[in-house]
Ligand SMILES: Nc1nc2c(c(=O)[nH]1)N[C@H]1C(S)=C(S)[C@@H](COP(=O)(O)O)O[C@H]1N2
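First, one chain by itself: the form predicted on its own, in structure tokens.
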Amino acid sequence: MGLGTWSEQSECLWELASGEGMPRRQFLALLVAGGAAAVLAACGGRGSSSTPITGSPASTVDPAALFKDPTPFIQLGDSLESRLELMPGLITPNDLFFVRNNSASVDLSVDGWSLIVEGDAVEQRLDLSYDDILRLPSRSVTAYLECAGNHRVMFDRLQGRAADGTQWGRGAIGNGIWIGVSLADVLTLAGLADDAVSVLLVGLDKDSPEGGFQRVLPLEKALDTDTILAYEMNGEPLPRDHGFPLRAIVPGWVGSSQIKWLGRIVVSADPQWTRNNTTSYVLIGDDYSPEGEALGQVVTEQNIKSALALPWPARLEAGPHTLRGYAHSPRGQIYRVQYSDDGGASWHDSRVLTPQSQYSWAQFEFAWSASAGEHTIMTRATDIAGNTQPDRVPFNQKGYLFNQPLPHPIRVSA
């Protein structure tokens, strides 16, 4: 069944269902037929991505931690999860773009701010002002940005094993148009040594562990022409919650690589190891062998995913509907998105919409005739390189890179 063996998680589901007056026989039948998603749908929406399935209330955002209005979001501590059903199209507006913080957002001014480039693998230390950055050749990149923990709660809901970290549903992702300068141009200014191998990006969010959130890029990725240091987001200066005055955009890689409030770059002739590539942002579990100084496999590239742009669970009226959603892959454009409304016994093609520029996500849609009752729809994406969402994802302790097809619960009223 969807939850695997009977567990404490199943007991929580039963407590929720019985509290709604559901007979045990119906509960067991729903659990077998559609897993946790079917039970949650029949319970009328409790246990959605804004409410953990134990029934405890969602946390609210500390008003001092963020600058944007949290109202349109699912609030998770000091982070904001986007609601896919509110997305107006291909590009995510700034005021609907998710926020993932490791501390409170930082309010910086360009006066007195600078970007320092240093390390044992550059010829000279640079101290670049905001105006210096603006004078460099600009580059525009359209790319989705996604937290490594997007879909994390699904390890709990679908496999019955809760992972550590913020219990993101499907909305720790957004798609933007980023303008900035090539990181390669900045490194070239500093004079890269022949033995350079590692580029450490450090943010100015001093309340973060290590005195500023930081991630390491291998030199090859740092020199990719589409790895940029962005100062604009969707035609506006970077919002404060999204890293003003400068942030990294590393297309196709997890959000933790895309440092906000960037203040320092350290280039080294040796691999650099920090908390965020040894114990955090690492796949830790029986299926993942440790690499280097890390406790498991370091998380770098994102993976292929798809999701319906509907509330979780959704409620619809009986009759014909056009259902829409989003799909993305770091390995290339989305070639195909299929859907199943019978538990995966059969799959049908949706229509993948164009355009899909650069590293953008794709929109898809399909017609569905809704009959009264409880339903579950799954979607499964395939990219042009042949990568497809797997039937099951091995568990990892921190809950990263969950991308098996999601059974989306839908209650249809007559």
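Here the structure is a predicted model, which means the values were calculated and not measured. Just count from 1 along the sequence shown to find any residue number.
One more form of this protein exists, namely the form predicted in complex with the named molecule; it is left out here, but the text below deals with it.
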**OP:** Using heavy atoms only and a 4.5 Å cut-off, determine which of D156, D341, D241, D226 is in contact with the named molecule in the predicted complex.
**Re:** D241
Subject >> Listed residue (C147, L76, V250, V199) with a non-hydrogen atom within 4.5 angstroms of the named molecule in the predicted complex >> reply: C147
**OP:** Consider H328 of the chain shown here, and say whether it contacts the named molecule in the predicted complex, taking contact as heavy atoms within 4.5 Å.
**Re:** no
Original post:
Heavy atoms within 4.5 Å of the named molecule in the predicted complex: does G119 have any?
Top reply: no
Original post:
Closest heavy atom of Y231 to the named molecule in the predicted complex, within 4.5 Å or not?
Top reply: no
Original post:
K260 near the named molecule in the predicted complex, any heavy atom under 4.5 Å?
Top reply: yes
Subject >> Among 317-325, 129-137, 101-109, 332-340, the region lying within 4.5 Å of the named molecule in the predicted complex by heavy atom distance >> reply: 101-109
**OP:** May I ask you to list the residues of 273-297 that have any heavy atom within 4.5 angstroms of the named molecule in the predicted complex, in sequence order?
**Re:** Y281
